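Before any questions on binding or motion, here is one chain by itself as C-alpha cells, the form predicted on its own.
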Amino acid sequence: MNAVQENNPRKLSWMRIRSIARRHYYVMLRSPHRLFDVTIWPLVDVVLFGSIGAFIAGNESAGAQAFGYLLGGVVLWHIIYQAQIAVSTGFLEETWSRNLLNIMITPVKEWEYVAGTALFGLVKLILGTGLVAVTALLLFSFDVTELGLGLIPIGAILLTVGWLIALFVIGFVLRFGSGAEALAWGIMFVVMPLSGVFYPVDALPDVIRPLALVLPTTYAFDAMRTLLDGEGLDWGTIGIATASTLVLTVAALMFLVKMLRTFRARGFISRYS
C-alpha cells in the first residue's frame, strides 16, 4: 500500500476526495430535506420578488399601495412567524437538551405541553411584533394600529395558523428525527410568497395560484389589504379564512396524533436519549 501511495499520490488523493463527496451524497439521499437550501430557497426568491415586481409593474397606482402592503405585511407576518417559531423551537429545545424522555414520563399531557409552550411564545410574539411595529412607526411613520379593530380577527387567524404549522413541524421531527429541524425555520418562508403577504394573490403565477387559495393566511392578508385601502374589514374574506383555519386545525391534530403514535410504537425516543 505504501508503494502504491508513493507511485500514485494524486490518484489516492482524488479517491479520498470522491469518498467524502459520495458520503454526503448518500446522506442527502436518506434525508432529501437537505436539498431545501439549493432547491426551495431559489424558488421562493423567484416567486416572492417576481410577484412583487409583477404587482408593481401591472398597477399604475401600485407605488403608494406597495408601501403600505409591504410594511403592513412585515408587521403582521411576524405574528404568524413568531407564533410558529416559538412552539417549534420550544419542542426542539427538549430534543437538543436530551430532555424529551423526561417530559414524556411526567404527568404532563401532550396538549398541556403544547399549550404551555404556546403561552410562553405569546410573550416572545408580543416583544418581536411590537418591536417591528414601533420600528415601522419611528422610521417610516407607518402606524399599524390605524387599521383599527379589524386587526383583531386578522391577528387571531395568523396566530392560530402559526401554532398549527408548528404542530406539523413537531410531527415531522417526531417521525424523521433531527434532520427535519430545518422545517422549523424554512417552512414559513415557503408559506410567505404563497400567502400574498406583500401583494394580492393575483400577482402570483397562474400555476401556483391554486396553492395560495387553500391557505387561510392568503385570506387574512387579503383582509389586511382591504383595511389598508380604507375599505373596511371584509367579513366574507375573514369567514373563508376562519373556515380554512378550522380545516387546518383538524388536519394538524390528526397528523400530530398519528406521528406521536408512530414515535411511540417504533421506539424513536431512543434518538433523543
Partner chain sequence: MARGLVKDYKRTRAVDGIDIDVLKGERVGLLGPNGAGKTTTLMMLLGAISPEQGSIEICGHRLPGGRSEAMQRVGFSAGYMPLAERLKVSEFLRMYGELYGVVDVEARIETGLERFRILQLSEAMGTQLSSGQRTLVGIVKATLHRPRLLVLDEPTASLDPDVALRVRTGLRDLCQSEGTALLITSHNMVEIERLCERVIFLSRGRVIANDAPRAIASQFESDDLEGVFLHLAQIGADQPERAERRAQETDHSA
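Predicted model, so just to flag it, every value in this text is computed and none were measured. Positions refer to the first chain, counted from 1.
The same protein also has a form predicted in complex with the partner chain, omitted here; what follows describes it.
- Of the stretches 94-102, 75-83, 197-205, 127-135, only 94-102 has residues with a heavy atom within 4.5 Å of the partner chain in the predicted complex.
- Put simply, A265 is close to the partner chain in the predicted complex: some heavy atom of it is within 4.5 Å.
- Using a 4.5 angstroms limit between non-hydrogen atoms, T106 touches the partner chain in the predicted complex.
- If you take 65-88 and check each residue for a heavy atom within 4.5 Å of the partner chain in the predicted complex, you get nothing at all.
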